[in-house]
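Single chain ahead, written as structure tokens, the form predicted alone.
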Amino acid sequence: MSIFEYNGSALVAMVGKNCFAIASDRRLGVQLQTIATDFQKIYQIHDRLFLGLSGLGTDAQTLYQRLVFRHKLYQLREERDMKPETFASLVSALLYEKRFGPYFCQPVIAGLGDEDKPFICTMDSIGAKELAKDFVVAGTASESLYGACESMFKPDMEPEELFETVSQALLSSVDRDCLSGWGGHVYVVTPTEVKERILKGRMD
């Protein structure tokens, strides 16, 4: 078993019309044993920027703390919030810096940039970015997430339809992966508000 699969995770970010959704499962396991069913994998950096971290739970928390530290320094120096593109470059640089002993994480970054344009991106554990116009996935359930998102996604969805789509994609995908699941955690972000919802899924 790969170290990336040790705790199990499922992450997906999807773009809508001037909005985006980012969703994760809630399971923390040690291989096949479930330890917690309310584990946080999505973190809010600021009002319009979210970070999802799949992979090894301990590394995810360490990486998040380092990124919050860097973002706060940026806010103090620049007196503004970081743009999603800038933040993606920061995460990439931070990961590449540690490429010989990497953080075992696969981040998903989602945010609203200039003119409320949604930005989503994912990268591997050494910071190689993958940008997308529709959706990005990460974690142990990524293969089934690709299939579900590919069939359900359509461009320019309104926030409510986007929530429905991303939730159905997540729930149907984690049922096909025994290392992730136990409900879901979904954020839908528009220029004016952030909606957070908890999904109930199969508890096995």
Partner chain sequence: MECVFGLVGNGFAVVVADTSAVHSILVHKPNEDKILLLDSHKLMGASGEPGDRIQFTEYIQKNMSLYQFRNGIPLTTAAAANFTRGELASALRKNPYHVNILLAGYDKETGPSLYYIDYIATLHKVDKAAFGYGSYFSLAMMDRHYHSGMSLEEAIDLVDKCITEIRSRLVVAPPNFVIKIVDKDGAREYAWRETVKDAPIPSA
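Everything numeric in this text was worked out from a predicted model, so none of it was measured. Numbering follows the first chain given and starts at 1.
A second form of this protein, the form predicted in complex with the partner chain, is not displayed here; the remarks below concern that form.
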Interface residue in the predicted bound form among 47, 150, 38, 143, criterion: non-hydrogen atom within 4.5 angstroms of the partner chain: 38
Stretch from 158 to 166, 131 to 139, 53 to 61, 171 to 179 whose residues place a heavy atom within 4.5 Å of the partner chain in the predicted bound form: 53 to 61
Distance check, residue 119 to the partner chain in the predicted bound form, heavy atom within 4.5 Å: no
Close approach of residue 30 to the partner chain in the predicted bound form, 4.5 Å, heavy atom: yes
In the predicted bound form, residue 74 touching the partner chain (heavy atom, 4.5 Å): no
is_contact(residue 103, the partner chain) in the predicted bound form, heavy atom dist at most 4.5 Å: yes
The partner chain in the predicted bound form - contacting residues of 160 to 193, heavy atom within 4.5 Å: none
